[in-house]
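Take a look at this single chain, the form predicted on its own, given in C-alpha cells.
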C-alpha cells in the first residue's frame, strides 16, 4: 500500500509542479521541427505544429488532474449533503431524494455529460458543471445508506433528545462514520473524473486549444495516428498510468480501512 500511495503522491506533486519542470513553452510553435521524433531538444518529440510534447504533457497534468480534483471534491460535498438530507429527513424526503438520484443514475455518465456540455457549449466551465452534475449520485447513495444505519443508534438518539440541531448531529455523529467509505468512493470517482475530462476533451467539449490537456492532445494527434502514432501514445499512457495508480491507491485504502484489516 505504501508504494501505491507514494505513487499517487508523486502524481499530485506532478500536477502542482509539473509546469515548472517543462523544458519549453507548451504553446511555442517550431514549424521547422514539426513532428520531430523523440530525442535532442525535444525528449518526446513535437506535434504537428512543432510544440514540445513533453512540455504539453507536464502542463496537461495540472489541467487534467486539477480539474478532476475539483470535479470530484464538488461532487463529494454535494452528494454527501444530499445523502444526509435523505437519511435524516424522514421517509417522504428520503423517497423524493432517492427517486431523483435514481433518475440521474439511469443515464450513462459520459453520455449525460456530453449532452450537458453540448447544450452549454465547449469550455472549462461547462466541462466542470457537466461532470459534477453526473458524478454526485454515488456519494449520495453511500451517505444515505450509512446514515440510515446510524439513525437508530443510541448515541444519535441521545443527541436528538438532548436538543442538538440536525447540523450538529450530522457534524459530530454522521460525518465521522461516513468519512472512511466516502474517501474510498472519492478515489474511484477521481479516476472516473480524469477519464471523463479526457473523453470530453477528445470530443472537443473540454479545455479549448491552445491550452494543453491530455484529452485535447489526443484530439490533435488523431489525424497523425498512422504517420506518427507516438503523438497519441504519450497522452494515452499518461491517462492510463494515472487512472491505474489512483484505482490501486483506492483499493489499498479500502483494504486498510476494512474491519478485517484493522483487526489483523
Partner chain sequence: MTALVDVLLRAVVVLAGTALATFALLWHAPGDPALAIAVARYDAVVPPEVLDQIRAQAGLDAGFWSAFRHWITPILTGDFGSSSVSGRPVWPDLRDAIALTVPLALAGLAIGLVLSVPLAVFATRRPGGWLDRSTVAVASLGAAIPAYWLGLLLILLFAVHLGWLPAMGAQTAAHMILPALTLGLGVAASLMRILRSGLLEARGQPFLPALARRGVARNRIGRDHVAPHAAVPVVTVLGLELAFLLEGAVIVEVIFARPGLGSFLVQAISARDFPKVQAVVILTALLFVTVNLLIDLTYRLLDPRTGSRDA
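Fair warning: this is a prediction, and the values are worked out from it, not measured in the lab. Residue numbers count along the first chain shown, from 1.
One more form of this protein should be noted, the form predicted together with the partner chain, which is absent from this view; the next part is about it.
Contact annotation: residue 37 falls outside 4.5 Å of the partner chain in the model of the complex, judged by heavy atom distances. With a 4.5 Å cutoff on heavy atoms, residue 179 does not count as touching the partner chain in the model of the complex; it lies far away. Taking the partner from elsewhere, residue 58 is found to have every heavy atom lying beyond 4.5 Å of the partner chain in the model of the complex. Put simply, residue 108 is close to the partner chain in the model of the complex: some heavy atom of it is within 4.5 Å. Heavy atoms within 4.5 Å of the partner chain in the model of the complex are found in exactly one of 63-71, 216-224, 48-56, 25-33, that being 216-224. Exactly one listed residue, out of 77, 167, 93, 119, brings a non-hydrogen atom to within 4.5 Å of the partner chain in the model of the complex: 119. Using a 4.5 Å cut-off on any heavy atom, the residues of 201-234 that reach the partner chain in the model of the complex are, in sequence order, 202, 203, 205, 218, 222, 225, 226, 229, 232, 233.
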